[in-house]
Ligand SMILES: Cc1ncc(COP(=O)(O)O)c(C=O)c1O
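Next up: just one chain, as structure tokens, the form predicted alone.
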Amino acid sequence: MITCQKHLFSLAEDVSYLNNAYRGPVLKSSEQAAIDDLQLMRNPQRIAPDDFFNGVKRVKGLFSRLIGSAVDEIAIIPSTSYGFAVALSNWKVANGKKAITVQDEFPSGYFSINRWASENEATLEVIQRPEASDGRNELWNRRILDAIDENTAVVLISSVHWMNGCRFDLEAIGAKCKEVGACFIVDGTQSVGAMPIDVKACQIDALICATYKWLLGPYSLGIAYFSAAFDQGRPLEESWMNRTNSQVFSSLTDYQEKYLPQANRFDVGETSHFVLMPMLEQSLKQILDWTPETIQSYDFELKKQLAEYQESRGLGMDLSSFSSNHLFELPLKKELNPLELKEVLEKEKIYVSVRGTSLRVSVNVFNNQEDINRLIRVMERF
């Protein structure tokens, strides 16, 4: 078990930031890496051709360790919508099949799968979350598994639901997708970095992640895994950087039609992302040092503290394996206005999100029990 890691961030001492699912804070080491790279831009003659590629290789290697993949199965993308577009544009099936997603999926995922369904004359089936009851997240998972059949072409869901923290059983869903020949696309933005994941064990075809949440990276940068199913896929754009001769600057006009192998072909143009890439490299190193397993254990102790308070007030809270430890909903009494509570909390420098009629609390290793106590004290007053 680790102790609170707030000293590695620049968060103010009097701030209780319980909102990592909104955006993760930048590590001091990432901040310094960005400054160092920015200063390098003052003298671009110091930037060698290899510098356009080496940072990218290191980041791909670190991320592949985090998710259990090969380095060449990783692509650099600018956003989740870009990653969804890569995967879905390369998944062709006979018209008339169905696609599956879940209720209140994040808009980028919903609009992407909805467009694919429209263009392929497919039905989009949205699996609803059960009404409030014990075990509703487990039942939601069961509904997804029941919906996947021989007529299913694509399943696109988040690993952890961004509004309520429901943890989807990716291993069971991936196995069912493989059984029926469906493509399994996962938005890992709200879990990868804070929760263990193995893309091979879960039989995921494409794992798409923004980096500015649980990977503690910068905005406008994403990273993705593409399985062997996409090895011969067509990139969204024709970049010079994903060609086999890209590292030989003197020969770039000896045009090479052949793409780099596997997922490297899907790298966005200007892949190097100077300033941003060094930030992500530092955060990935730190996450691997902590390990997602340790982060989940640490976060569970904070979640349990809130669950005990909820129970004392006659309010439920899911502590099962179908609810993540780092991101979860905090049900409130019906007469309470969550937006008004959020406003009161922010005056006390306590930061959470409102999703529906609940508070969404998202904790990380920069939080401690005093942060939870502060939240509880304000809720008591409110």
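Predicted, not measured: the structure shown is a model, and the values here were computed from it. Numbers for residues come from their place in the sequence shown, where the first is 1.
Below, we refer to the form predicted in complex with the ligand, which is not included among the displayed structures.
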Which single stretch, out of 284-292, 158-166, 173-181, 129-137, brings residue heavy atoms within 4.5 Å of the ligand in the predicted bound form?
158-166
Checking Asn245, Ser79, Ser297, Asn151 against the ligand in the predicted bound form, the residue with a non-hydrogen atom inside 4.5 angstroms turns out to be Ser79
With the ligand left out of view, choose which of Phe106, Phe230, Tyr309, Tyr259 has a non-hydrogen atom within 4.5 angstroms of it in the predicted bound form.
Phe106
Has each of Lys60, Ser69 and Ile74 got a heavy atom lying within 4.5 angstroms of the ligand in the predicted bound form?
no
The ligand contact at Asp187 in the predicted bound form, heavy atom, 4.5 Å:
yes
Lys213 near the ligand in the predicted bound form, any heavy atom under 4.5 Å?
yes
